[in-house]
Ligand code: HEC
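In the form predicted on its own, a lone chain appears below as structure tokens.
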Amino acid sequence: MKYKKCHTYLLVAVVAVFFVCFSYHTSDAMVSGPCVNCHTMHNSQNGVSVARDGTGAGWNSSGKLSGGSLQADPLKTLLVSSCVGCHTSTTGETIINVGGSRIPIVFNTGGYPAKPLAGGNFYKVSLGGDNEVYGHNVYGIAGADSKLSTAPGRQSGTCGNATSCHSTLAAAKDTFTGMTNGCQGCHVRVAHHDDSKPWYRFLKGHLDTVDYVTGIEDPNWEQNPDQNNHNKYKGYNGPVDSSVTLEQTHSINSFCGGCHGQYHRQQFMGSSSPWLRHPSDILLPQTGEYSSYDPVTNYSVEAPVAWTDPSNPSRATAVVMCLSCHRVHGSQYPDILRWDYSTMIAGGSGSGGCFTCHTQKSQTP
């Protein structure tokens, strides 16, 4: 850790306890602000528990944790709430400022927000029933899917059995021996106080130190994305087969393929047109109908691309990725899509969505 300065606070309960809070270097993921915003030393204040979690827990309009229930037992790492509670709000805001700490919100309990962050929002999938199609079923937000018994496109084989953590994120974290689940099924190793880690948005595998996603993050988590303010994801010039792993590519597509491998790997997807499934981890063609979309000069936040080198994006290195069409957490459209697929009418005069890349298919013959 790198610190700029520290402040000592005095807490008086039964005895005097000192603790130290740090103001961290400004960065995209590193937490800044007083420790008390996120932590409780003993989960006790004036004889009352401090940690709050469970259904309905989240930040209210007064910047206080509300809803859920006070937790008699302390939470790991002395947190005031779980991953879900800390990144939930009962307001419509998607970035909450709590005493100088900026918190990205991925679950707004009162409705789908007007300005969702890059991953979208869990609101609709949390409603259950027919709304399951609108997001990932994550433990603490949504129960197991009633129609799908396992992750769609899950590849059989290693880590592919029914008890694998690659089959669902909705199971309790202690279901899989030695593994985490729920939010940490994808965000495996969080490091809120350390930006020196190479993995992007804590997207990390559980094998060793090299299985992670790389990328460059928008400081506002794409709350107001535009041509110059957006995430830059790592892609790979594939397509890939079973021998090409996340350790080699560090691609967002390879990470998604951990649970949805049949939608990503060459043997299920194909390697050229005519494709069996929509391709990912291939370069966006520069000719034909695709030539009209240059994400370097006219980046579409509705249909984003990845890059083989996010720090030096060029038209020749733009990559089709899973997130070109989908949100990660949830969206307001079925299949976690970024747009309403039912409005994509070929041979009409539409634009956006599928037609961002497939420009000629929207034109009337």
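It should be emphasised that the depicted structure is a prediction, and the values quoted were computed from it without experimental measurement. In this text, residue numbers run from 1 along the sequence as written.
Keep in mind that the form predicted in complex with the ligand is not shown, yet the notes after this line are about it.
Answer with one of 332, 32, 43, 308: the residue that has a non-hydrogen atom within 4.5 Å of the ligand in the model of the complex. Residue within 4.5 Å of the partner: 32.
Verify the flagged residues 51, 60 and 171 against the ligand in the model of the complex: is each one within 4.5 Å by a non-hydrogen atom? Negative, none of the three is within 4.5 Å.
Using a 4.5 angstroms cut-off on non-hydrogen atoms, would residue 221 count as touching the ligand in the model of the complex? Yes, residue 221 lies within 4.5 Å of the ligand in the model of the complex.
Residue 185: heavy atom within 4.5 Å of the ligand in the model of the complex? Answer yes; at least one heavy atom of residue 185 falls within 4.5 Å of the ligand in the model of the complex.
Would you please decide whether residue 244 lies within 4.5 angstroms of the ligand in the model of the complex, comparing each non-hydrogen atom pair? Flag for residue 244 set to no.
Is there a heavy atom of residue 228 lying 4.5 Å or less from a heavy atom of the ligand in the model of the complex? No, no contact at 4.5 Å.
Residues from 253-269 in contact with the ligand (non-hydrogen atom within 4.5 Å) in the model of the complex: Going through 253-269 in order - heavy atoms within 4.5 Å of the ligand in the model of the complex - the hits are 255, 256, 259, 260, 263, 264.
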